[in-house]
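First comes one chain, alone, set out as structure tokens in the form predicted alone.
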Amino acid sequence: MTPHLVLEHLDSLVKPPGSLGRLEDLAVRLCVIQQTLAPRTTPRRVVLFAADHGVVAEGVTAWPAEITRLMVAAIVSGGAASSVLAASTGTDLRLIDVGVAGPGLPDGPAHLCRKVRFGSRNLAQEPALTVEEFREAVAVGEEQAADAVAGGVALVAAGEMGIGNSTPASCLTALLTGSPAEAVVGPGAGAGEEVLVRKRRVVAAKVASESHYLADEPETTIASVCGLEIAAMAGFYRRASASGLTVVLDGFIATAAALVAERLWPGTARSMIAAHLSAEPGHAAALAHLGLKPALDNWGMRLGEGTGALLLMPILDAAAAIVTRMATLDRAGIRTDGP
């Protein structure tokens, strides 16, 4: 199924060619990923991975690390933005604790504790993760993608919760796209200028110290700056893509995980649809490197939690509907070749 064949089908429907604009672009992407003119967008699931980050000790975020644990509880109880958007879009939501500091919540229908360790180490002082820890977190993500496949899910998204995680995401984006470190660092969850200065300094120093090793030791280098939830998302993408699922990509942190997946397992991004362009400056560079165009521009979103991906779900439903349910010009008795 090529884009040309999908466009031929869309042009045969009861509308002027291209008149549904970017909705048709999404329809083409869905059909090409799924290799069918009958794409599915349900059942669907968003899996959120949560972890803490030792680099918070460097003052790179305006929020205390304890917020990660509190937000996990809010998501599981149904009161967070991701919870509300998942419910309103008919999307199954699960949260996986892959590295939140402290005791985890009891396992339940929408929550699992799969801690690799109690947060990553301070990447400004030492490697954030060992290769073994990175692989263990990747395996947690792969397990969740395999579970989605076994459950008959057609479309998935990954999201995250982790105070401080825009710092490792910035490091990964600079390393894996070749962008200047200072150009990919943004305010994250609302950092002021003083915090931003510290964050830029931490990212620039870490990228400078690790960039020489990337070509020869990509996995070790990635692990040294990675977060547990980012590694888990990368593993989720790897298995979801290999299993034929359609992957809806969220914002900056999720896209940093997509960069990891594409670097280590090339071809992963072919299964992806980019939901939106984050307000974080590094997101555009990451999407461009993956060859993905965001469906939603200028929305200014930067929350994470899979919220951007969730917002796109009803639009993907509409894209699938025009392909599968609209009448053709022939069936409607409409001629386009003149009287």
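Note that the structure is predicted; figures quoted are calculated from it, not measured. From 1 onward, residues are counted along the sequence shown.
Below: the form predicted together with a further copy of the same chain, not depicted.
- Note that among 218-226, 71-79, 121-129, 150-158, the stretch whose heavy atoms approach a further copy of the same chain to within 4.5 Å in the predicted complex is 71-79.
- The three marked residues, K15, A62 and R325, each reach a further copy of the same chain in the predicted complex, with a heavy atom inside 4.5 Å.
- With the partner omitted here, the residue from R45, H289, R29, R302 that has a non-hydrogen atom within 4.5 angstroms of a further copy of the same chain in the predicted complex is R302.
- With the partner removed from view, the residue among I67, L37, A57, A284 that has a non-hydrogen atom within 4.5 Å of a further copy of the same chain in the predicted complex turns out to be I67.
- Mapping the unseen interface onto this chain, L277 falls outside it, with no heavy atom inside 4.5 Å of a further copy of the same chain in the predicted complex.
- In the predicted complex, at least one heavy atom of L311 sits within 4.5 Å of a further copy of the same chain.
- G333 belongs to the set of residues with a heavy atom inside 4.5 Å of a further copy of the same chain in the predicted complex.
- Of the heavy atoms in L245, none are within 4.5 Å of a further copy of the same chain in the predicted complex.
- For the partner-free chain shown, P17, G18, S19, L20, G21, R22, L23, L26 of 17-40 come within 4.5 angstroms of a further copy of the same chain in the predicted complex, judged by any non-hydrogen atom.
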